[in-house]
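Form predicted on its own, single chain, as structure tokens, below.
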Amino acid sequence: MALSQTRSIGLPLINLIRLKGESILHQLHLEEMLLRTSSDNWCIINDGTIDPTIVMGVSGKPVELLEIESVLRDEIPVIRRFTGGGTVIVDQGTIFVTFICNKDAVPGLQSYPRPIMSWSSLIYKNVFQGIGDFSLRENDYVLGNHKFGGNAQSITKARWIHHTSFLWDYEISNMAYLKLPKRIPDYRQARDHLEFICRMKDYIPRSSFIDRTIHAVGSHFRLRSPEPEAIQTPLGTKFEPSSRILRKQDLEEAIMKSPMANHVAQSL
């Protein structure tokens, strides 16, 4: 028996799904379905998404996070996802990696946000071994002092999901749709988006990052690769995804309810 096979004995099984250019909304629907209806462990890697799309956390407020007038003018889709975390704009330059696991999948891992975050950083520490100065800073993956990966989570009674948007590349103009959030990590030090983030492509080829990620996941799990088309909601199970695209009306109402709009109305 090969050494790698010997080492994998006793490791938990995880289903590895590789996607390319999948719609981020469809990906979020798939992730939530697997979180809520499956009892298996899953790792999903989506290499880019087609159109530039803004993705907000479940409790995000558009008026605080987005330049709404610019978003409406340029018809940028805005999604409210089912997990927490911050706001990102994603496109073909974004690589997505998601873990969906049972609470007992990783021995000794406590199913709370910080332990899960710390565990995930061990995987990417292996990915970036010898490449840049990787670390977990608060809730972000950074190279040196610059963010390149944003994380979000959801934890249920028996399972958890941890997903990451990696900035392999980005369009500078897209950053103008995002406001500086009110709550920022200490290490950001009020830097604007372009001073705060970096491009992964300056450190590692795209295909190498994906290959090294799969290899690192394989040191924690036994990998199985089912066909994405075979993934379906179990018979007799009702599932309605909660991630959705915000309507134009939702964004327009957010502007009207903003403190600035109220101040202008009162001054007239």
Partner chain sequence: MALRMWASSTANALKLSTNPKSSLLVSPAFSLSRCFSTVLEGFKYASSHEWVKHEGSVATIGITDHAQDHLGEVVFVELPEAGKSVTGGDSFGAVESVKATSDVNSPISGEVIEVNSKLSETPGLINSSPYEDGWMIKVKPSNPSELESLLGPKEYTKFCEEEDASH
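Please read these numbers as outputs of a predicted model, since none were measured by experiment. Residue numbers count along the first chain shown, from 1.
FYI, the form predicted in complex with its partner chain isn't displayed, but the following is about it.
Heavy atoms within 4.5 Å of its partner chain in the predicted bound form are found in exactly one of 169-177, 90-98, 113-121, 127-135, that being 113-121.
For the residues 79, 109, 184, 76, the 4.5 Å heavy atom test against its partner chain in the predicted bound form is passed only by 109. Contact with its partner chain in the predicted bound form, defined as a heavy atom within 4.5 Å, holds for exactly one of 68, 204, 231, 58, namely 58. Not one of 10, 18 and 214 is positioned with any heavy atom within 4.5 Å of its partner chain in the predicted bound form.
Among residues of the shown chain, residue 72 is not one whose heavy atoms approach its partner chain to within 4.5 Å in the predicted bound form. Although the partner is absent here, residue 164 lies well away from its partner chain in the predicted bound form, with no heavy atom inside 4.5 Å. The closest heavy atom approach of residue 198 to its partner chain in the predicted bound form falls outside 4.5 Å.
Proximity of residue 36 to its partner chain in the predicted bound form: non-hydrogen atoms within 4.5 Å are present.
Residues are counted as partner-facing when one of their heavy atoms sits within 4.5 Å of its partner chain in the predicted bound form; in 154-176 these are 154, 155, 156, 157, in sequence order.
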